[in-house]
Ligand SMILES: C[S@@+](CC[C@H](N)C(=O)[O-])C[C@H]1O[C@@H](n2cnc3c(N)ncnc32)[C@H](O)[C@@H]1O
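First, one chain by itself in structure tokens, the form predicted alone.
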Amino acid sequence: MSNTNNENITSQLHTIADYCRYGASLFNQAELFYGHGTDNALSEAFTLVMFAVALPEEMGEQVMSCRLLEHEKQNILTLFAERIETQKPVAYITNLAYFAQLPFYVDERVLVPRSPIGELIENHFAPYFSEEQPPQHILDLCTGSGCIAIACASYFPEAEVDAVDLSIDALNVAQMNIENHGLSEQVIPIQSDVFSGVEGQKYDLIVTNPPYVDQEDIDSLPAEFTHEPEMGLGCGADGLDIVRVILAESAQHLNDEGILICEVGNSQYHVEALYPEVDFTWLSFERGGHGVFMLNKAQLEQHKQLFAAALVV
């Protein structure tokens, strides 16, 4: 947007509500994609407006009619232009995403947190764990920003949590978030190729949102996803290269009553086709989301030959 155009716009738009509406219209006209924490143009515009004026989003209704200063208007228009011209997800522009109602620093070294697993954490993984017997030792495989590990530590303050990832870049972001949440004594970041860095360790709960997007979906992703690290998204022709390893090796890292919770998203179809004999428990979510399964250690042991055979296909 040119300065002349900006001045013309700012002379006509005055309130936070004005700019939220205007931004939503711009985003719809630009046919942006929403899939990184929001699902509509108005929510994204609102997030950018509130970020520009340094106010928490919870204040929305209270401040919608508040008038903006000229420099605030210009800042908002600059953010709108960046969203449209770069097609970056909003979280990379603000360096902020929320997961399980907690704030996380994010940049293009990690995926934007958006897993439905957050809802499971908020519900303390009921009914698989109880208040009387919460998980004491938790592993977050493919931790990325550290959001799952940190949320687990926050909702289970007595638990020890290992946060593993192959990417040093991702672990640097996770470390930043661990420190920001004051959890350096409780959450330990570890470089690991799946289980390689936690040999001999056993857990009550393994929770993972690994790369699982199949090649067909990778090839057709909207531009917004190209800003995310590809190693965090794609994983072979059917998306299951790492999931195969997780299924084959999880049992030896679980305590007797331990469980595995794993997200595979749209690759649920491939999982069911590859392992038709396995009785996966597919979890449901009140806030939306799909493709997350649960298996307990007994089930993983029961099918260990099948899981091992799938590794060498």
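Just so we're clear, the structure is a prediction, and the values are computed from it rather than from any experiment. Residue numbers run from 1 along the displayed sequence.
Just so it is clear, the following notes concern the form predicted together with the ligand, a form of the same protein that is not shown.
- Every residue of the trio 111, 115 and 165 has some heavy atom no more than 4.5 Å from the ligand in the model of the complex.
- Scanning 183, 242, 159, 79 against the ligand in the model of the complex with a 4.5 Å heavy atom cut-off leaves one residue, 242.
- Residue contact with the ligand in the model of the complex: residue 177 places no heavy atom within 4.5 Å of it.
- For residue 193, a non-hydrogen atom is located within 4.5 Å of the ligand in the model of the complex, even though that partner is not displayed.
- Contact check for residue 139: every heavy atom lies farther than 4.5 Å from the ligand in the model of the complex.
- Using a 4.5 angstroms threshold between heavy atoms, residue 231 counts as touching the ligand in the model of the complex.
- In summary, the region of this chain contacting the ligand in the model of the complex, judged by heavy atoms within 4.5 Å and restricted to 167-175, 87-95, 128-136, 216-224, corresponds to 167-175.
- Interface residues of 206-231, taken as those with a heavy atom within 4.5 Å of the ligand in the model of the complex (partner not displayed): 209, 210, 211, 231, in sequence order.
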